[in-house]
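We begin with a single chain expressed as structure tokens, specifically the form predicted alone.
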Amino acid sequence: MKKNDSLKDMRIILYYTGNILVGVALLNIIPLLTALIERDAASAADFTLSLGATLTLGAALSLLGNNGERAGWKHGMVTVAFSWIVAMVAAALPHWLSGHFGSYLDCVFDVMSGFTTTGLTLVQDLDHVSDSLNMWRHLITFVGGQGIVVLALALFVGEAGGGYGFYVGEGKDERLFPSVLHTAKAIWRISLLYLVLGTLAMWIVCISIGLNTGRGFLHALWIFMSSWSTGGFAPMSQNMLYYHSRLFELVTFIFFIIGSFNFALHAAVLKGERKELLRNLETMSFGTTMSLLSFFTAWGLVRLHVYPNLVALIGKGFYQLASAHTTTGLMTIYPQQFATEWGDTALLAVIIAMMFGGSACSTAGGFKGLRVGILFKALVQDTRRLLGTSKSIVIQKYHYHGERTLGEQQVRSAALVVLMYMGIFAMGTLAGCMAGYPFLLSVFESASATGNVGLTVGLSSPSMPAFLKIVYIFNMWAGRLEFMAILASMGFVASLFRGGRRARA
């Protein structure tokens, strides 16, 4: 790569990274208004400083990079990977200023967990965190579910060349419309529609269980954001146990189930195409794996007499499994109960559910139901070929927003992503064991971080080693972006080094 070309590429990447950072900066206005309404001067000062610092950095990057060039596919991919890291560091400033975190590393861990809708947290004394900081934590989870780059596409990037590179780089590949810009705006329209309806429904439930109007609204808004974005953050340290309400748990269950569905599926249902729910490969895959894993979870829990009756088994066992499979991470049990009560069978079922995850182009993480379905269809196709004659042609079809024919490229792509997931999952497990934690608990926590889930057996805490925090941050980041943007960035950095060596030679 020529030096001039490298410089041009860097300026394009910096320009769009700056635009994305400006979008992240403007999000500070919402918690700032929360602090002003509540007359919390200290928090208002924190978010004013964060807004100014992030806005300044974003504007500086945009001005430094602005050269009038249009972004290409490569630029979109690298920008996504780079901007997520920069946004993580910048968005951690209010966390650090709050005084509720032991180090800046803990702050960036929490922010990456929020942006990736993971839900693992290192916050200290969560029950006394300010409303404005809780608003910030849940807001970045909600925005992260749709994607910070999707937000920038809708607000700043527009129809710039390489827009599809931005979109795919953030782990999405299903267009609702031919235009990426229209797709990004449609994703936000769908999410904001559910935000209004979901918050209203949860607000009614909050008031019915005894919260006053103001607190009820805030908790309804925060828990909806966490449910819909399959994020797992909660405003209280007891998570869902704080509310002591089966009705509240049921409402969150409904929203995190539908939040794990593909945005294209939401668009189809909103247009009246409800049959897509039953025919879609992803919903069929999710229903099948959820049913099988429910059986093994129930079998493991019943065998150990963990819960006394069916109501408790559903409220504790099934809720946790569904929270795992949708990669939500909301919990109706304490973390230690996973380790001390559930036993190996139920725990393994939850681990598998966390790795399978929800749908592609949704707020959920994991392998995604589409890839699980494609690999199963490929297995069926190869089995039929083996059982057929040498001259037989086996064509495997599936329904995914229309009838499609299974091709070798689809199978290869699905298998490659699953293989990379397994690779960083194994790395996270090894890191947990190296830190001195038991193997099965290390497997569980690594699956949670890699699949962007947020369920925990208690390993994720401020006291865990710094190197393990860094590994989990990487796993959350890589799992959320689904590797393409990261691989493109690694290739881009390698090309810069090769170019530098040639120039010196």
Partner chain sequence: MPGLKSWIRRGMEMLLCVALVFATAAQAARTEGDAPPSVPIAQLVARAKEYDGKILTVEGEAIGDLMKRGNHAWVNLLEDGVAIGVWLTEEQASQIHELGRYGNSGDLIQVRGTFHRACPDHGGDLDMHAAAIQILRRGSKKTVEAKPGRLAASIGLCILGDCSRSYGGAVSGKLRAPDPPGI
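Residue numbers count along the first chain shown, from 1. On a predicted model such as this, the values are computed, not experimentally measured, just so you know.
A second form of this protein, the form predicted together with its partner chain, is not displayed here; the remarks below concern that form.
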message: Under a 4.5 angstroms heavy atom criterion, identify the one residue in Ala415, Met290, Leu97, Ala435 near its partner chain in the predicted bound form.
response: Leu97
query: Which of Thr345, Gln410, Gln238, Gln381 has a heavy atom within 4.5 Å of its partner chain in the predicted bound form?
result: Gln238
- prompt: Any chance Ser460 has a heavy atom within 4.5 Å of its partner chain in the predicted bound form?
  reply: no
- prompt: Is Ser245 one of the residues lying within 4.5 Å of its partner chain in the predicted bound form, judged by heavy atom distances?
  reply: yes
- prompt: Though only this chain appears here, would Gln337 touch its partner chain in the predicted bound form if you measure heavy atom gaps against 4.5 Å?
  reply: yes
message: Given that its partner chain is not shown alongside this chain, does Phe296 nevertheless sit within 4.5 Å of it in the predicted bound form, heavy atom to heavy atom?
response: no
Segment assignment from 274-282, 259-267, 229-237, 426-434: heavy atom within 4.5 Å of its partner chain in the predicted bound form: 229-237
message: in the predicted bound form, does every one of Ile351, Arg385 and Val471 come within 4.5 Å of its partner chain, counting any heavy atom?
response: no
message: Using a 4.5 Å cut-off on any heavy atom, which residues of 35-61 would contact its partner chain in the predicted bound form?
response: Asp40, Ala41, Ala42, Ser43, Ala45, Asp46, Thr48, Leu49, Leu51, Gly52, Ala53, Leu55, Thr56, Ala59
